[in-house]
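Here you get one chain, nothing else, as C-alpha cells; it is the form predicted alone.
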C-alpha cells in the first residue's frame, strides 16, 4: 500500500480516531473477549476520552486518501492504542505504524518500549520482536505485558 501517509494526529482527527477504534474493537476483539469487556473498551475510546489522551501522548494516524485507517500512540515508554481498520488488517499498516512509533520513541530517548497486548494482537507483536514479560487478567480479560529493546536504526 503506497498511498498511505503516517502523520501526527490533530484535534480534528478525534472523531475519526474514536470511530475507528470503536469499530475495530467490536469487529477484531469481539471473537476473543466477552461482549461486556468489548463494550468497556469501546466506552474508553469515546471522543472526549480520545481528545483527553491526545493531550498526554504523542498520537499518530495512518491516512489512506482522506480516510484514517490506523492509529498508534506513545505515552512515556509505552506503545499505546494501536488500531487498524479491520478491512485493511494484514496489509502491513500495523507494522508500518509500529516502525514509525519505534523511530519516534528512539528520537525522544526511549530505549525500551513496553506495551500491554490483547490476546488478539499478541502474535503480531511477537513477530515484530516484542517479548512477553507477564500475563495479566482483569475481569476475565487477558492482557500481556510485552517489551522490546530499541536499538539504533
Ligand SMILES: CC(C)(COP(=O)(O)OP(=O)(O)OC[C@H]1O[C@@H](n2cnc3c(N)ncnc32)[C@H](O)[C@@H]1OP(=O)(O)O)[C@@H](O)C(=O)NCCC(=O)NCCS
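Nothing here was measured: the structure is a model prediction, and the numbers come from that model. Residue numbers count along the first chain shown, from 1.
Omitted from view is the form predicted together with the named molecule, to which the following refers.
The partner is absent here, but in the model of the complex a heavy atom of 89, alone among 52, 44, 63, 89, sits within 4.5 Å of the named molecule. Taking 59, 37, 113, 121 one by one, only a single residue has any non-hydrogen atom within 4.5 Å of the named molecule in the model of the complex, and it is 121. Looking at residue 107, you'd find every heavy atom of it more than 4.5 angstroms from the named molecule in the model of the complex. Although the partner is absent from this view, residue 74 stays clear of the named molecule in the model of the complex, with no non-hydrogen atom inside 4.5 angstroms. Although the partner is absent here, residue 127 is a contact residue: one of its heavy atoms lies within 4.5 angstroms of the named molecule in the model of the complex.
Of the heavy atoms in residue 95, some are within 4.5 Å of the named molecule in the model of the complex. For the partner-free chain shown, 82, 83, 84 of 63 to 84 come within 4.5 angstroms of the named molecule in the model of the complex, judged by any non-hydrogen atom.
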